[in-house]
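Given as structure tokens, the chain that follows is alone and in the form predicted alone.
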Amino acid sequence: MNFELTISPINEIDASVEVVLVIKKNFKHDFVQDKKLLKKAGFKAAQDETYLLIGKNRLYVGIESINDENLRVTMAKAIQSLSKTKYKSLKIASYMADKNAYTNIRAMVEGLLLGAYSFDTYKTTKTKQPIKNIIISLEEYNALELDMEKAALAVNLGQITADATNFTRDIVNTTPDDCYPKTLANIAKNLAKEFPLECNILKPKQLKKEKMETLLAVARASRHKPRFIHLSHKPKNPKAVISLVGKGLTYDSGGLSLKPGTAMVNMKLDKSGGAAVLGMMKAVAELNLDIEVHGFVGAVENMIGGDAYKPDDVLVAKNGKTIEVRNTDAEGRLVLADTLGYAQQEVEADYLFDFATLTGASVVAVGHYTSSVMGNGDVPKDMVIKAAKASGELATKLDFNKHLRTCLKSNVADISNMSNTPYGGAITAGIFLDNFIDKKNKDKWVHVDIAGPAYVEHVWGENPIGGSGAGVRMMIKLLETLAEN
């Protein structure tokens, strides 16, 4: 999609269809165009309600009030409702809460691009988005005077953010036969070729040398050898140094603790954390943020076979801690244990964030649409929650406690990879990871369990069926904030 900003009034712009947002409380007023026709059609201007007046080439969309979240979803619904029409260009006025709310324009752009997303790689008939050109008029519905330069920046930020999210969605949705550890490594290499990023890929011999035995154990029954990805964005005199860590399980059968057949469906989603980190690094490079950012992804496939790691095995992590394996389907935390260890060895970061579809318990706790945020320090956790809210993602804190820590005790090793209770599973998984965070980094680290929102089998908000790109928008917002300070 091509975006164009113009100072021309909306009625002077040549486009095949106009999108008009109707604020619910304003629908009763006479200034709403085509009010009688809309009422006759039963249009009530409810949030995300759409009605296309074909004779007037106008799409009306209801919105409860003007804010980023509503605009993002409303514009996604608008573009989706036009996806089967023949319209090729779209025009829309600006809608802002006040004269300084340029994030509203950004949200509109994000909504259009996120809503237009479709994944049809494996379909013989491809989806064609008819709308190619979008013209946004700086004529604001409440007659606010807008600055072209600030509006253009908002459009650019919206495009980069949405493109990074859709890039992540594509990786998540790709099948395990087409996306395995080497594939993720190649994606990272291509990012480094396209953007000013440094890329280092570790293969099995190097992983062995780095004593990353827990990651190697998970990977060893697969015909696809593991890869470890390290992408870096290094500006001169950065304002902060950030490490991002992602779980890149390109497929998870459960290993010898085999998942039921139905639970294996869609386990391509288990690479969502790693895919999100790749999407974040893409955005960081495009934005050229004035902060140093490192992306680490442990890319493995968890399969069964004669060489599979087993329940009762004791593994030695990179930091020297021993782990009793009680369940081979609790593999993501083993991969992250070594990935976090390597990240801390390589980079002295101001903050360390990890992203993983780590536990079904997170979905049970907070539902499909919300990420669970855990850690020891309130400051970085609050940063994530604030950034999630600003970006349109949902996230909530789950607090550690000393009683759940005892549930990971092992009689034969330093720690067990599974809790001895079925309750509080998301938190005990986070506590497990805490054992692999260096003392000096305890209050700098945040674990984000994206198991709920990363992959959902129905349309929700601005998100499609399948991969949502969870974590990408919230972290872009957080990194932008750090770069501005």
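A residue's number is simply how far along the shown sequence it sits, counting from 1. Keep in mind that this is a model prediction, so the values were computed, not measured.
Just so you know, the form predicted together with a small molecule exists too; it's not on screen, but the next bit is about it.
- The partner is absent here, but in the predicted bound form a heavy atom of A330, alone among A78, A330, V373, A188, sits within 4.5 Å of the small molecule.
- Proximity to the small molecule in the predicted bound form, defined as a heavy atom within 4.5 Å, holds among L269, M212, L278, A162 only for L269.
- Contact with the small molecule in the predicted bound form, defined as any heavy atom within 4.5 Å, is confined among 384-392, 346-354, 132-140, 322-330 to 322-330.
- Not one of I415, K439 and H447 places a heavy atom within 4.5 Å of the small molecule in the predicted bound form.
- The closest non-hydrogen atom of A221 lies beyond 4.5 Å of the small molecule in the predicted bound form.
- Although the partner is absent from this view, L358 contacts the small molecule in the predicted bound form, with a non-hydrogen atom inside 4.5 angstroms.
- For the chain shown alone, K259 is a contact residue for the small molecule in the predicted bound form, at least one non-hydrogen atom being within 4.5 angstroms.
- Not displayed here, the small molecule is kept clear of D338 by more than 4.5 Å at the level of heavy atoms in the predicted bound form.
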